[in-house]
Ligand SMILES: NC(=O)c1ccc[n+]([C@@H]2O[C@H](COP(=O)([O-])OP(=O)(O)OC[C@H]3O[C@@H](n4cnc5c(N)ncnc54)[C@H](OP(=O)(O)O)[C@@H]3O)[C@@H](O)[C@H]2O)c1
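Below sits a lone chain in C-alpha cells, taken as the form predicted on its own.
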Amino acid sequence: MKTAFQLDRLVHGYWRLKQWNLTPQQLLQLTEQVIELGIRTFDHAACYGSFTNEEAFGQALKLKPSLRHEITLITKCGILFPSQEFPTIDSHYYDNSYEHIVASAERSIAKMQCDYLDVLLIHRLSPCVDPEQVAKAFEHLHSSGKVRYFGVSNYTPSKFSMLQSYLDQPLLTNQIEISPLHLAPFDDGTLDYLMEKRIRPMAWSPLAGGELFNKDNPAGVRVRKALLDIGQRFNETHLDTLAYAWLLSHPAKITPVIGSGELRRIQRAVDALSIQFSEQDWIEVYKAAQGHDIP
C-alpha cells in the first residue's frame, strides 16, 4: 500500500502554544510568517494545553478562513487526563476506542474550525488497544471526508505493523522522539522499519527538550562541540540549525517538529535545509552522543 501524500521536511508544532501568550491576531500573523518561510504543516494534539490549544489555533484561523487551503493540519488523539475541559475524567489513561477516536477527531475539527483534518495520529500506543476499533474509526472518518490520512505516534515497529495489518490504507507516519541526545530509534530498529516501508518519521523534541543547550549535561557538551566543529565548514554557528541539519541529513527523511513560537528560531530550522552532513560528519555527532567510538 502506497500513498502519494508526503510530509514536508519541517513541521511547526503547537505543544507550547499556551506558553506563547499570543492573541488570535498575533497567532494568525505568526502562522502566515511560518508559511512565508516555506513551512505549511502544523502539528497539534487534542490534549495539548490541557485540551485548549486547538481552540486557540481555531480562533486565529477564523480570522482568515482561506488559510485552511494553504496548510496541512495534523492532530493526535487518545490521551486523556483530568482537566477543566473534561471534568468527568478522573485519571490519566489512553482511549483508543471507536467512539473516542471519532469524537476526538470531530472535536478537533470543530475547535480548529477547519472542516477536515489532513492527518490524524493515535497519540500513544495503548497496551490493550483493539485494532479493530481503530480500523473501524479510521474507515468512518475517512469515508465521511473528515480525515484524509492516518498515522501513529510513539509506536514500536511491532505495534505499527500490527495496526497496519488491520487497515485498508497505509499509515502515513510515526511521530517519535528523535534528537542528537535520543539515539534509540537509530539503534532499536524503529527507523530501519520505517525506511523499509518507505515511511517518513516525524521527530518530536528534536532539540532534546532544550538539553542540547544545557551546560551541565555531559552528552550535550560533547554533541555541541561536535556540531559546532562541523558547522565551521558550513559557516554556521547556530547550534539548533546544526542539530536540525543532522536529523535532516539522515536517509530516513526525518521531519523535525519545531516547537518554538519565535520566528528567529523557526528561521534557523529552515536554514538547516541548506546543510547536508556527510556520513562521516553524521557519525562524528553520533559518537559524541554515545560518549565512545563506534565498533
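Predicted model, so just to flag it, every value in this text is computed and none were measured. Numbering starts at 1 and runs along the sequence shown.
Beyond what is shown, the protein has a form predicted in complex with this ligand; the following relates to that form.
With this ligand left out of view, the stretch that reaches within 4.5 Å of it through heavy atoms in the predicted bound form is, among 32-40, 265-273, 222-230, 63-71, 265-273.
The closest heavy atom approach of residue 94 to this ligand in the predicted bound form falls outside 4.5 Å. In the predicted bound form, no heavy atom of residue 200 sits within 4.5 Å of this ligand. Contact between residue 246 and this ligand in the predicted bound form is not found at the 4.5 Å heavy atom cutoff.
Although the partner is absent here, residue 163 is not a contact residue: none of its heavy atoms lies within 4.5 angstroms of this ligand in the predicted bound form. Residue 209 is the only one of 209, 189, 170, 131 with a heavy atom lying within 4.5 Å of this ligand in the predicted bound form.
In terms of contact with this ligand in the predicted bound form, the residue from 98, 86, 213, 116 that brings a heavy atom within 4.5 Å is 213. Contacts between 222-261 and this ligand, taken as any heavy atom within 4.5 Å in the predicted bound form, involve 240, 244, 257, 258, 259, 260, 261.
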